[in-house]
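Take a look at this one chain, the form predicted on its own, written out in structure tokens.
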């Protein structure tokens, strides 16, 4: 009876055994099937997006008649009006609010996603549901409730006055802080979910190796966890920045005349001012900013994928 000689596999340098990627690779036929399945939805969304965008672009060169109805034309006055300092200040304010909202959401979402993904155990799904389910409620209703909580006579300011952290003149509503608070509350879930998904895919052995190399948990988090979840953070920033830039509900409920955003101007021109051409011009300016941000993210994502495949 022949004896079998055990085959010993040498581990790579550093004492770690290489892990094989056993995920099945899709065949060419499978890739074609998925392409055909995604084609109807892609065509549907693309046609209506491009058609509506072209319509808005055409109206931005038009005028209004005596009844306030839009008329197509070749008027450049609406685009020239965008250089007005008042519109420029509103655009810059909206950009600043959206960027600050993205940063605050990132700071809030990282520890939440880290705790749920790596330390929640069997309660992971329940915690994700507890985070997501409240956002099933209508956004307008949630903003209205948030404005009641942060009102001058609301429970938040009453509690702060009771503990001596606020006085009778302290306000949250009708301030920039109130608008940003509403934006963060409205869109923070869009940051938590991508970060949670990125941390779920992350190899936890990297954290253990990082503790050996960098020591403390803060340095390990900064030099290991953050680079490993960079794509999730980038996706979350885009998902927060894009809707926050064009939001008007938070500024309407939480802000005042000095905190209006570009979305409030667009709403006013379309529904109250009956100036559709100028509203369309403001919409095109907003779309330009959002497309620049989107293309920047896609370019960065392609670079990250190229570096990962090397």
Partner chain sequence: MNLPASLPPRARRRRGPRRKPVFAIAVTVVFFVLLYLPIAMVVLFSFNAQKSLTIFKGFSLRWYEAFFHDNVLLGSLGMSLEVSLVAMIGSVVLGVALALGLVRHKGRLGGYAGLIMMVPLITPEIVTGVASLLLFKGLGVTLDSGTVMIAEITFSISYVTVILRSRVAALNPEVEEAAMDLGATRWQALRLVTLPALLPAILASAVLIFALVFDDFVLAYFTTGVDPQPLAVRIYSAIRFGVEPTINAVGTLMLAGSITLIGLALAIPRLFGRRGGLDLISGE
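The shown structure was predicted, so the numbers you read here are calculated from the model rather than taken from an experiment. Heads up, when I say rigid core I mean the largest set of C-alphas that superpose within 1.5 Å between the two forms. Positions refer to the first chain, counted from 1.
Below: the form predicted together with its partner chain, not depicted.
Legend entry - Heavy atom distance at most 4.5 Å to its partner chain in the predicted complex, all of 79, 173 and 223: Judged in the predicted complex, none of 79, 173 and 223 sits within 4.5 Å of its partner chain.
Inset, instruction - Tell me the stretch among 175-183, 189-197, 79-87, 162-170 that has any heavy atom within 4.5 angstroms of its partner chain in the predicted complex. - result: After filtering at 4.5 Å, what remains is 189-197.
Inset, instruction - Flag residue 59 as yes or no: does it have a non-hydrogen atom within 4.5 angstroms of any non-hydrogen atom of its partner chain in the predicted complex? - result: Yes - in the predicted complex, heavy atoms of residue 59 and its partner chain come within 4.5 Å of each other.
Inset, instruction - Look up in the predicted complex whether residue 227 has a non-hydrogen atom within 4.5 angstroms of its partner chain, and give yes or no. - result: Flag for residue 227 set to no.
Legend entry - Distance check, residue 142 to its partner chain in the predicted complex, heavy atom within 4.5 Å: Because a heavy atom of residue 142 falls inside 4.5 Å of its partner chain in the predicted complex, the answer is yes.
Legend entry - Interface membership of residue 50, its partner chain in the predicted complex, 4.5 Å heavy atom rule: It does: once its partner chain is placed as it appears in the predicted complex, residue 50 has a heavy atom within 4.5 Å of it.
Legend entry - Contacts with its partner chain in the predicted complex - residues in 135-174 whose heavy atoms fall within 4.5 Å: Contacting residues: 135, 136, 137, 138, 140, 141, 142, 144, 145, 146, 148, 149, 153, 155, 158.
Inset, instruction - Compare the position of the CA of residue 41 between this form and the one not shown after a rigid core fit and state whether the shift reaches 2 Å. - result: It does, since the residue 41 C-alpha is displaced 2 Å or more between this form and the one not shown after the core fit.
Inset, instruction - Align both forms on the core first, then report whether residue 54 has a C-alpha shift of 2 Å or more between this form and the one not shown. - result: Shift of 2 Å or more: no.
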